[in-house]
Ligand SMILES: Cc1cc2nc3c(=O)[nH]c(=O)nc-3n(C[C@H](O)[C@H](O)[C@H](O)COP(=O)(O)OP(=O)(O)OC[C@H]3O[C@@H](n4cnc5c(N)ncnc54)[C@H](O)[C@@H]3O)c2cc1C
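We begin with a single chain expressed as structure tokens, specifically the form predicted alone.
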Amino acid sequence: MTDAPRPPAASGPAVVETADVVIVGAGPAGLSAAVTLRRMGVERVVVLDREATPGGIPRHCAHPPYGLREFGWIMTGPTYARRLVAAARAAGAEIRAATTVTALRPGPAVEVTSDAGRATIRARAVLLATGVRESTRAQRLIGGTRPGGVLSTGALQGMVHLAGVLPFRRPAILGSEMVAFSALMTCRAHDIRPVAMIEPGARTVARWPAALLPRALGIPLMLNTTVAAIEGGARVEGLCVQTPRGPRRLAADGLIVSGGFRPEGALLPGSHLTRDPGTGGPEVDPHGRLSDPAFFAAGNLLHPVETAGWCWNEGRRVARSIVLGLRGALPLPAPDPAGGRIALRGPLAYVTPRRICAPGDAALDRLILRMARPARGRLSLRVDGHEIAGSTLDARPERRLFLPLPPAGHGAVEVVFDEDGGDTG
């Protein structure tokens, strides 16, 4: 969830290597896929990660609960990350940390740079598992000065858990997704006392009873409130917030800009791969296969944002699709990705998978959806205007919704959220 480090300088010709499968990203999805690939007989699996230490976001989260589904007991994030890395290495996967992927090429191939120099790795398949990052203050259009002390949750956890640095003592937390409560737990564990939790919406995004936690800790929960501007020179000195009763100033020495997750898809714009217009990550079919069928994706790159356990399981499932693909046993991809794309109508943020093909033993065995805003109405899956599945619900952003996979080759497919509850088709 931090900005990508600058690739190290490299000179001289690029080394050319080969592998059976290259995995980009050493978080829960990438590492579980590496284990599964090796156990299913894939000879050479190379996992690349730009961080100096593999393990993904859980390395920054020094609190439970992690690992119950995967290892049978609850552990902290760093312990969980170490177990994932150890399992991948024990299975025979090669993990290369501090290695930045600079380009994705047809073939498939990836171009990388590290302290060892530049290299091109040609593979039979490539799995993208680069995860997500939180939105920045600029992406949230927060004005004011640009002092130090404005951090994402991931940056905060990296500083306090990995570097042992306390960036502030009295910050505010912007956001109320589950990751915001993770930030709150991190603060409390390090004697940092937030002055407020600020949520632009009318209620917390995280499910009840999460809203009880800040109140139980004596931290004001400010709903229907936005951060208009940040004050300060070298450090944050205060926040100008807009509340339902008008503007107000908060005395704070920091701001945690939490959540607002976006797929870590920086490699996609310069590649030949099709991006999903809803998520910003890659567009995939039910097998986790991209527009170039030699590329696959799994984890939060596909759906910002699910739990580490969810991503771990999805990595395993997509790894099985990769093995079937290497054996020539996957159903053929849709011949026209544009024509086989699911259309969205209503206040829906995205659906994944977005492309239709014969599902077979699909890795992504149902449609996952999120709302763009809170809404009540009927969610339906329609083929040629006829509903084949649906339900009436009160839906909120950041909560996963499900529909069955649509049939392939049976007409135009769309997912509709009708806020009136009636039939608009």
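Note that residue numbering begins at 1 and tracks the sequence as displayed. What you see is a predicted model; the values in this text were computed from it and never measured.
What comes next is about the form predicted in complex with this ligand, which is not displayed.
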Which of 35-43, 22-30, 362-370, 381-389 sits within 4.5 Å of this ligand in the predicted bound form, heavy atom basis: 22-30
4.5 angstroms heavy atom contact with this ligand in the predicted bound form for residue 179: yes
4.5 angstroms heavy atom contact with this ligand in the predicted bound form for residue 271: no
Partner contact for residue 153 in the predicted bound form: this ligand, 4.5 angstroms, heavy atom: yes
Residue 131 within 4.5 Å of this ligand in the predicted bound form, heavy atoms: yes
In the predicted bound form, the residue from 157, 279, 225, 204 that sits within 4.5 Å of this ligand by heavy atoms: 157
Listed residue that, although this ligand is not shown, lies within 4.5 Å of it in the predicted bound form (heavy atoms), from 85, 330, 198, 101: 101
Residues in 252-285 close to this ligand in the predicted bound form, defined by a heavy atom within 4.5 Å, in order: 261, 264, 267
